[in-house]
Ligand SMILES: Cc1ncc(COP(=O)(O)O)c(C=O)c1O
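The chain that follows stands alone, in the form predicted on its own, written as structure tokens.
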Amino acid sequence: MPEVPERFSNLAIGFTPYLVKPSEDVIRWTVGEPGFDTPRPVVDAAIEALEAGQTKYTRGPGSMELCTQISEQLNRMWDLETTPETVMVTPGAKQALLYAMMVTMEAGDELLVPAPAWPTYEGQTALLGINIVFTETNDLFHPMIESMRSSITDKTKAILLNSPNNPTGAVYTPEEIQAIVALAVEHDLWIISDEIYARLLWVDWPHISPASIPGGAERTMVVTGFSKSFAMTGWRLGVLTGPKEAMKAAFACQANANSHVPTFLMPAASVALTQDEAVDEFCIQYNRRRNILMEGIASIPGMELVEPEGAFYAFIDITSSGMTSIEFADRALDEARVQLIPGSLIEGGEGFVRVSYATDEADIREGIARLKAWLS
């Protein structure tokens, strides 16, 4: 009987075991999904496109209309210099990340990633035979440039950044992004910038894309999408943009992998880009929920929280509880009926649990009450 390739034998599946939907009596703080419905105009646009018969093949990277809108928004909001011809709509940001890795690195190359980091990065590098090298972050989970510098070898080909960050909620400062771009220029490295949470910021400094900094545009693959900002996780609409030749290669990847995203979703994505008022309201609600969570965690013995700066995640220190992260998460589920993600599933995450505060306010308050009673 033929065998499955060895690289799949220990392929990480990230948080999957702790994302299984629990019974109804459990408070679920795990899923990184907006606790809002997709704005109604977006839903209506998809229905109208279906009814109008937009179910045929179309342009592989996405309709020119949609790619033009995306390009204009990226240029306006993040000071990029994209063109519609260097934008591609992908089946989710995960696919955009995979394409970015495929067109910038070969098997055996090394990718630098500040840790803690979203486990999908490790899984995707394993799929492609790329060696992931984790670099250190400080007490606020911001990248330590010298750790990154000392990790560079002759096999290093790229740096991957995720700001705002999953799982920590850290938002890298403009100075940190500038320093990383300078390092990439010095060593002629690619940058893969995962900016899916770029509109979800709770700090005084702005989101800065490496592609907006001199020297960054010609080496940065920017990954973003519709899932988090527009409450469209199940629509699977990601975005990839970067230098012209790299995007030409990425277009070829998509042409051979899945042709394009569903045609009838493209007009809906165009409408989503006009829903700034909805995004602003989502952000107000996320920030309110973040504040409720921070206040609640501060009142619970055995749990400490570095203030989340963006996205909708908190990385909570549970070391004073005396439990490992897996023991803490498992017992919280069994005894407090609160579902958490153990940090040990993430490089550098032992001693922490990750939670999402995108859930309902009532669930945040109830979860706090349950954890407080359990640990007290």
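Quick note: we count residues from 1 along the sequence shown, nothing fancier. Just so it is clear, the structure is predicted and the values come from calculations on it, not from any experiment.
From this point on, the text means the form predicted together with the named molecule, which you will not see here.
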property	result
Listed residue that, although the named molecule is not shown, lies within 4.5 Å of it in the predicted complex (heavy atoms), from K155, H142, R236, H187	R236
Contacting member of F230, F264, Y286, Y197, with respect to the named molecule in the predicted complex [4.5 Å, heavy atom]	Y197
Contact label in the predicted complex: N166 to the named molecule, heavy atom within 4.5 Å	yes
H260: touches the named molecule in the predicted complex, heavy atom cutoff 4.5 angstroms	no
Contact of Y313 with the named molecule in the predicted complex (heavy atom, 4.5 Å)	yes
4.5 angstroms heavy atom contact with the named molecule in the predicted complex for L97	yes
Full three-residue contact with the named molecule in the predicted complex, heavy atom 4.5 Å, for P342, F352 and Y357	no
Contact segment among 288 to 296, 68 to 76, 175 to 183, 115 to 123, judged by heavy atoms lying within 4.5 Å of the named molecule in the predicted complex	115 to 123
Residues in 145 to 162 close to the named molecule in the predicted complex, defined by a heavy atom within 4.5 Å, in order	N162
